[in-house]
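Take a look at this one chain, the form predicted alone, written out in structure tokens.
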């Protein structure tokens, strides 16, 4: 079986390498992309989409199908890692760990036991080896709102500068992961539960595909945002700009949710009982 798999990989690899011989040379000025595709984007993208950033116009409008399937691939990869890593059968712990919020002192309470007086100053933790540092925790709590605000800026300003849904989603997901690293997995799951991340990752893809479906129901082609002009109350050109922004929001939600879901499973080896 291994020999058959190796033979199949070699054959398909050779076929792919042979197919590259039909590609135009790198930087060939007479290639189809250089003769009519790229010049059209450069000259007409602003007047056709009202988006100054050509990259955003190409990715979310002219090449909207490809970007939608890229988002679907991210969602599918996250789903595959979920099924591979997630462990659903968990054994109840014999004891519970609590840590003092200010001093970091850890107490182990056996099943049926109770915390001493001043229990409000203790928080439940998953493992004694989870690092605790008041300075790091406080600094991260102060920095996180600005990281999240910058992520929203990157998504919203992708029309005019480098950015967009993929970049903004990664930054927002990194903010959640930073919170998990500086605190613990339990508090992060309370803020953003696992079920919500799964629903958000699917919801981001549905926002993208749903926008194209609405265009289809309005009698236009799939992902032809000009059809949204009547709904949005703008002209068809500006409707394409707004449609790009809508799908970028969907991309950002999907990327952020998949990143966080991957961290949850990797940090706890799928058990969700302890982590970085």
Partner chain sequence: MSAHFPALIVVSPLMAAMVVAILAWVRPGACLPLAVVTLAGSLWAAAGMLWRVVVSGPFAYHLGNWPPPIGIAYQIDHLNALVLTAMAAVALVNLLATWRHARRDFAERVNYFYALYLLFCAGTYGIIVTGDAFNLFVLLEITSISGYALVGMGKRDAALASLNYIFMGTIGASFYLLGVGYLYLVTGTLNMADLAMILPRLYGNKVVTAAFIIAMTGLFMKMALFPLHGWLPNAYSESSSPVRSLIAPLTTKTMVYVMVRVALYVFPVDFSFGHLAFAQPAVWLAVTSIVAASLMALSQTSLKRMLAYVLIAEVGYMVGGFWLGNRMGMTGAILHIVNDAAMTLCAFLAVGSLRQQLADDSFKALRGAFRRMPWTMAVLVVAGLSMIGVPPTCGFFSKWYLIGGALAAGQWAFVGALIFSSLINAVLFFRIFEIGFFEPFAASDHGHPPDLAYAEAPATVIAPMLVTAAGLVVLGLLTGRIVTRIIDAAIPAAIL
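The model shown is predicted, which means the values in this text are computed figures rather than measured ones. We call the rigid core the largest set of C-alpha positions that still match within 1.5 Å between the two forms. Numbering follows the first chain given and starts at 1.
FYI, the form predicted in complex with the partner chain isn't displayed, but the following is about it.
*Asks:* Counting non-hydrogen atoms within 4.5 angstroms of the partner chain in the predicted bound form, say which of 234, 220, 55, 46 makes the cut.
*Replies:* Residue within 4.5 Å of the partner: 220.
*Asks:* Within 4.5 Å, heavy atoms only, which of 79, 147, 109, 140 is in contact with the partner chain in the predicted bound form?
*Replies:* The residue from 79, 147, 109, 140 that makes the contact is 79.
*Asks:* Using a 4.5 angstroms cut-off on non-hydrogen atoms, would residue 124 count as touching the partner chain in the predicted bound form?
*Replies:* Contact check for residue 124: no, nothing within 4.5 Å of the partner chain in the predicted bound form.
*Asks:* Can you check whether residue 206 is within 4.5 Å of the partner chain in the predicted bound form, heavy atom basis?
*Replies:* Taking the distances in the predicted bound form, the answer for residue 206 is yes, it comes within 4.5 Å of the partner chain.
*Asks:* Classify residue 68 as contacting or not contacting the partner chain in the predicted bound form by the rule of any non-hydrogen atom within 4.5 angstroms, answering yes or no.
*Replies:* Residue 68 belongs to the contact set for the partner chain.
*Asks:* Can residue 199 be called a contact residue for the partner chain in the predicted bound form at 4.5 Å between heavy atoms?
*Replies:* Result yes; residue 199 sits at the interface with the partner chain in the predicted bound form.
*Asks:* If we check the partner chain in the predicted bound form, which of the residues in 24-52 reach within 4.5 angstroms of it by a non-hydrogen atom?
*Replies:* Read in sequence order, the residues that approach the partner chain (within 4.5 Å, in the predicted bound form) are 24, 32, 33, 36, 37, 38, 40, 41, 48, 49.
*Asks:* Once the core is aligned, please say if the CA of residue 266 is shifted by at least 2 angstroms between the shown form and the other one.
*Replies:* Not so; residue 266 is displaced by less than 2 Å.
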